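Next comes just one chain, in structure tokens: the form predicted alone.
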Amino acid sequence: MSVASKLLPVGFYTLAKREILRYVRRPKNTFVPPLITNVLYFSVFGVVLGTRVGEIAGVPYILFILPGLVVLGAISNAFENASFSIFHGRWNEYIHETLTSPLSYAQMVWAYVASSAIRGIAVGVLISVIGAIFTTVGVERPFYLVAFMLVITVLFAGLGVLGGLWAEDFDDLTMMNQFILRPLVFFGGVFYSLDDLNSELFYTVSLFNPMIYMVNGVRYGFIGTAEVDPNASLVVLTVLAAAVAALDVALFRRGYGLTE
């Protein structure tokens, strides 16, 4: 018996293990696509464009974009895993076995959230390794890097649970990831500095994008510089993640999207 199974409630551990094994056993669908995508990102934006841009905020451009790509990969996979797990369980009606188990609603939700957050973190680590092939990667503020990665993956795993409960078909899942999540990330300071925005209006509007705070928080962990206060960002994101998780539990308790 593993250490985790001894320390965690049996039901929570079993459900989380099932969800983790689901994507670990299908690496060509879960880990290979972000690997290939980020090799292209680093090659085109980091190497080709980076030689023209030079430095941003005193660091090479390829190192500047690395934290943003880590955030993009981590939150996309955390969201996708949770939303797909919930929706697929609804679609094929095997989620009813989970609902009739002796697990509490909080244990159910946190099993889905934890397993999805682990996938997001694993993809983030994979992207960091890929980045290390193209440039020297250091960790200036390890506490902030770990804290932000935990918070943002938990937050988007929780949002993925909401998406899985709300979606009516697979097109809804694709729409949320491709047309809501990714645009927010790309306009969240991944490829540019806020100081480079020439318009005060664009700068102000950018501050309403939550991705700005996530990308800057992870960037602060990697290179030790940030354009927004990392402490305030971490507190707000932690509260938001807890609120989303609480909403997930409340919706599970009500049976929203789970029962006809």
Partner chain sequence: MTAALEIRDLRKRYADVQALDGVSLTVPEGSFFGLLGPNGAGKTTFINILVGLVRKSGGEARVFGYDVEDDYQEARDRIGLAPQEFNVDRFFPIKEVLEHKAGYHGIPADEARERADEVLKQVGIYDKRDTRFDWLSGGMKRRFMLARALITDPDLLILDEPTAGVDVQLRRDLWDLIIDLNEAGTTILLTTHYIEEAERLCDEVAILDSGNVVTVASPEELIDRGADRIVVQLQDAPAGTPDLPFEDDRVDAVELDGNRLVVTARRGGLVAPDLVRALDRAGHGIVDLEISRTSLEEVFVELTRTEDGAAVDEPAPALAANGEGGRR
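Just so we're clear, the structure is a prediction, and the values are computed from it rather than from any experiment. Residue numbers count along the first chain shown, from 1.
Omitted here: the form predicted in complex with its partner chain. The next part is about that form.
In the model of the complex, none of the heavy atoms of R141 sits within 4.5 Å of a heavy atom of its partner chain. Among heavy atoms of F134, none comes within 4.5 Å of its partner chain in the model of the complex.
Contact annotation for D171: none of its heavy atoms lies within 4.5 Å of its partner chain in the model of the complex. Looking at W91, you'd find a heavy atom of it within 4.5 angstroms of its partner chain in the model of the complex.
Only one of 91-99, 183-191, 123-131, 145-153 lies within 4.5 Å of its partner chain in the model of the complex by heavy atoms, and it is 91-99. Of the residues M176, M108, L165, A114, just one reaches its partner chain in the model of the complex with a heavy atom at 4.5 Å or closer; this is M108.
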